[in-house]
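The chain that follows stands alone, in the form predicted alone, written as structure tokens.
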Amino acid sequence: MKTLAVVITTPPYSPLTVTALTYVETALIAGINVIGVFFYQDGAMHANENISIASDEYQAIAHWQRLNQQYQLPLHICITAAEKRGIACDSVDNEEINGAFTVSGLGELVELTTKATRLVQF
């Protein structure tokens, strides 16, 4: 069975994020097993609960939440990348992290890479 892992390194307001979301959703609709999305570097900003994107701009975070809910798509945020961008991950409740995201380390990225038949980065 084909499996796909995706790495997102672009911020939520990047046009490439729209491409990434379209790619992932198309794969899910086609029946490809997307085993996880790992948000690294500026991609960690997707999980920031306090980010504010203008209402007339593409709401990438809401789309990731929808894919997470609809397809049980695992969304992993790199703890180091998040903390470098001012997103606190050390609180018990992770109040600054959107609930659809799981705080992970690079070990999770390695795990996704070894389990997937294909890895795509945006």
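The first residue of the shown sequence is 1; numbering continues from there. Note that the coordinates shown come from a computational prediction; the quantities given were computed from them, not determined experimentally.
If you look for the form predicted in complex with another copy of the chain, you will not find it shown, but the lines that follow are about it.
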In the predicted bound form, is there a heavy atom of another copy of the chain that lies within 4.5 Å of any heavy atom of Gln70, even though the partner is absent here? no
Would Arg85 count as touching another copy of the chain in the predicted bound form under a 4.5 Å heavy atom rule? yes
With the partner left out here, check for me: in the predicted bound form, does some heavy atom of Ile97 sit within 4.5 Å of another copy of the chain? no
Would Leu75 show up as a contact with another copy of the chain in the predicted bound form if we use heavy atoms at 4.5 Å? no
Could you list which residues of 27 to 66 come within 4.5 Å of another copy of the chain in the predicted bound form, counting heavy atoms only? Asp42, Met45, Asn48, Asn50, Ile51, Ser52, Ile53
